[in-house]
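One chain comes next, on its own, written as structure tokens: the form predicted alone.
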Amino acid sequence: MKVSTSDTSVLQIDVDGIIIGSYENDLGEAAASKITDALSPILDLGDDYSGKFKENLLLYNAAGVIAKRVMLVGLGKKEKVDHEKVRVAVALGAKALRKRGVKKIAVEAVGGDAQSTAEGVLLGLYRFDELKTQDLDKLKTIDEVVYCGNDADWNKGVNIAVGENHARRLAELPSNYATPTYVATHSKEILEPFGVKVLIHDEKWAEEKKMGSFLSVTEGADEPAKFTEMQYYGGTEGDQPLVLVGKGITFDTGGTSIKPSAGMGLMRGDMGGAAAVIGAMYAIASLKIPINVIALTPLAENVPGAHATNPADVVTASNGKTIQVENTDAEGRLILADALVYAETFNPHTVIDLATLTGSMMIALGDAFIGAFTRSDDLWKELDEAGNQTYERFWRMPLDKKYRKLLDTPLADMNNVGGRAGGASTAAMFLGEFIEMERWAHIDIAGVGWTTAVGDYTPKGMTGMPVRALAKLAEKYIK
């Protein structure tokens, strides 16, 4: 889909349809006020349209408008409009036009919010259909979106939305397409044009780094594991970087501790943490945010095989700690352990790891909030603020020594599981054994990484969250 800008008024541009926002019981928008003659008869009817949030109205051949279709999107009461309402309203309007077979649309800054308008359009219209070959003529698509204006916030919203859509696509691709090698090389393709240096490390490199925990996960797989290191230096030379770490299990059968077959196909998205990190790096680099960022994505398949790790095997991580792998389906924490040890070698000011890590998190928070674990009250406040501003909201979860005791085992320094009770917290405490700094956060996106129903601007499938929140957080570290 092409995205362009124009200095032409949204009322005068020659496209198939335009989107205009309106407030509840108040046309509000400057452009909307110019089509009052077309609206008045409808408004006089009362309940047909009042501009309530999520309410849409399609006008045809409105006087003074070049486009044959005007999609009015309701924002609700003017004093209560926020970024999320603009994002949702625009997404619903764009999808409604697409449903009618419209090919080219134009938008203005709905609610005066160009960034959220861009995010709403591009996130709302995203659809994963690249592997389909049948009935493509029946698949309605919008070919071009034109923004009527010259606003840097529009471009910002476009870059952030494209970053999140990259994350959606990578997580959605089946594992026979999105192998560790593919994810690593694709990261290089989309990031290097923006000045990101991408290093793709192989298993021999990991062996030299003594990453026994990471390598234990890939023992049963034919696909070679990769460890991608992405370096973006947008800040001052020598400034401490932000380090992002993403779990990259490109498919998770559970390994020897194999999962039930029902729903296992969703485990193609078990690299949602890595996908989000890659998408966030795209947003940060394309926006030229003036900070230094390192992103690390350990990538591997977790499958059974002749050489696969067995329950109760003991492996040694790169910091020398030994781990009893009681459950091979608790593999995400094993690849993150070595990645966190490596992350600290960059002398970062902050480390954030992201992972679809535990079913416990899905039970605890569902898809309304993202679980966040951190030792730092300051970092929690930063995450909370970024999440609220982007509506990719976090909820602080407990890190307590009591959870660490559940990992004790006579065979090794620790077990990789601590039982069902408090599973998300025991997983976080496990990760905490591999990073010493206070400003570290573990983000468990298991509840929000995918959805089984179409949302206002999320597709059925992989969501790409929380790319927008990470981009907002990165802006907070500008000096």
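Residue numbers here begin at 1 and follow the sequence given. Every value quoted in this text rests on a predicted model; they were computed, and no experiment measured them.
Beyond the structure shown, there is the form predicted together with a small molecule, which is absent from this document and is the topic of what follows.
- Residues with any non-hydrogen atom within 4.5 angstroms of the small molecule in the model of the complex fall in just one of 428-436, 442-450, 53-61, 66-74: 442-450.
- Though the small molecule is absent from this view, in the model of the complex it lies within 4.5 Å of a heavy atom of just one residue from H186, R169, K259, K321, which is K259.
- Only one of the listed residues (A96, M362, V314, I289) places a non-hydrogen atom within 4.5 angstroms of the small molecule in the model of the complex, and that residue is M362.
- The small molecule in the model of the complex comes within 4.5 Å of a heavy atom belonging to N327.
- Residue contact check for E301: none of its heavy atoms lie within 4.5 Å of the small molecule in the model of the complex.
- At a distance threshold of 4.5 angstroms between non-hydrogen atoms, T250 is out of contact with the small molecule in the model of the complex.
- Using a 4.5 Å cutoff between non-hydrogen atoms, M264 does not count as a contact of the small molecule in the model of the complex.
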